[in-house]
Ligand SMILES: NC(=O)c1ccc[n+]([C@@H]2O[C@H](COP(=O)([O-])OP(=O)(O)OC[C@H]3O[C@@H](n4cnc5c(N)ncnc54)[C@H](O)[C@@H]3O)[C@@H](O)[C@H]2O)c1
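Heads up, the chain below is alone and in the form predicted on its own; it's given as structure tokens.
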Amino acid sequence: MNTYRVVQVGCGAMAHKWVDIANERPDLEMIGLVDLNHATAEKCAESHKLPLSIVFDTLEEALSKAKPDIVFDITIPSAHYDVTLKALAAGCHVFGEKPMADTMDRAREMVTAAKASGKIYAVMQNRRYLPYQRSLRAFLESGGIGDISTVNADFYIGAHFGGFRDLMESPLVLDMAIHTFDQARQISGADPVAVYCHEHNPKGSWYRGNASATCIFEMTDGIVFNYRGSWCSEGLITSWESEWRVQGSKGSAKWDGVNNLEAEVISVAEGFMRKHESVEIPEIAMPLTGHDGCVDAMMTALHEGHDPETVCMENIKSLAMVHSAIESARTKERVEISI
């Protein structure tokens, strides 16, 4: 098995998980840490028992001196464009945090650069590697409730981050909803066609921008995906993975976003109200989940010479849902989604 040398850009709170993964895998070697704040990078190195000699002040310096094979991009969304293009130009694969970019034009440029480089640029979508989500997808794909017509997701969390999210214009849709939108693509097996979105900032919100949104997505195969979400909702919170309900031609399935999967299908096809029976959704076991599972899939693809599930050419579809929803909220109109 080949061992790939890694430089990580961004050493904030989220960065520690990526360093842990690299340190635990025999096919990854962490050889560089970069942060705008030198002390933050040094603190990250010390907390993971890495030598301070691997701390660099700029990505350019790290690329030149350390000569990595892979760059982990754990920066803020607006920095992903520069980091990714510089890393690809240096001949590195890039594994980055979501969202791909802060604009669709930049995301398209990043996809073009990845294709031209012949390197993999893949995006972290850790929820694709949750056993219960995979189980729900497999059940739906097998025809467990017939043909899917509607997918609903509710996301209600009161998240007091502080920092840049509190100042964003569309913190929920731009920074968080990408997860749920990407989940909807995986769960339904469909891609986005158009969207109508209404954003607002509820009373009592501690965000400057709109922290709540309602979206109606038209998807391929005639599927409708409805999203209701808020990042400033106190009490009766959902899981971070959202609460899901899927309607099919033969029944319905639900997932609480944690570990409760249930489904009912028609048992007697006559009468004013049909009778239903519960059916089991078989659970899929996964040795690696979340971030670990996603990085493992990226590394498996790298070793085997193919694109991972979250490669940028696919993930840009989820990002398009985000930016099209924001455009719809701004224009108060239905927006067709183009990649």
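These numbers come from a predicted model, not from an experiment. Just count from 1 along the sequence shown to find any residue number.
Below: the form predicted together with the ligand, not depicted.
Heavy atom within 4.5 Å of the ligand in the predicted complex: which of L172, A87, C197, I74?
That would be I74.
Among the candidate residues N37, S278, S47, S53, which is the single one with a non-hydrogen atom no more than 4.5 Å from the ligand in the predicted complex?
Flagged contact: N37.
Mind telling me which stretch in 103 to 111, 76 to 84, 137 to 145, 256 to 264 gets its heavy atoms within 4.5 Å of the ligand in the predicted complex?
The contacting stretch here is 76 to 84.
Counting only non-hydrogen atoms and a 4.5 Å threshold, tell me whether N152, P192 and G248 all contact the ligand in the predicted complex.
No.
Is it the case that E243, even though its partner is missing from this view, gets within 4.5 Å of the ligand in the predicted complex, heavy atoms only?
Because no heavy atom of E243 falls inside 4.5 Å of the ligand in the predicted complex, the answer is no.
Does any heavy atom of C11 come within 4.5 Å of a heavy atom of the ligand in the predicted complex?
Close contact exists here: in the predicted complex, C11 approaches the ligand to within 4.5 Å, heavy atoms only.
Consider F164 of the chain shown here, and say whether it contacts the ligand in the predicted complex, taking contact as heavy atoms within 4.5 Å.
Output for F164 is yes: heavy atoms within 4.5 Å of the ligand.
Could you tell me if R128 has a non-hydrogen atom within 4.5 Å of the ligand in the predicted complex?
Outside the cut-off, so no.
Just give me the residues of 287 to 321, first to last, that have a heavy atom within 4.5 Å of the ligand in the predicted complex.
Going through 287 to 321 in order - heavy atoms within 4.5 Å of the ligand in the predicted complex - there is one hit, H291.
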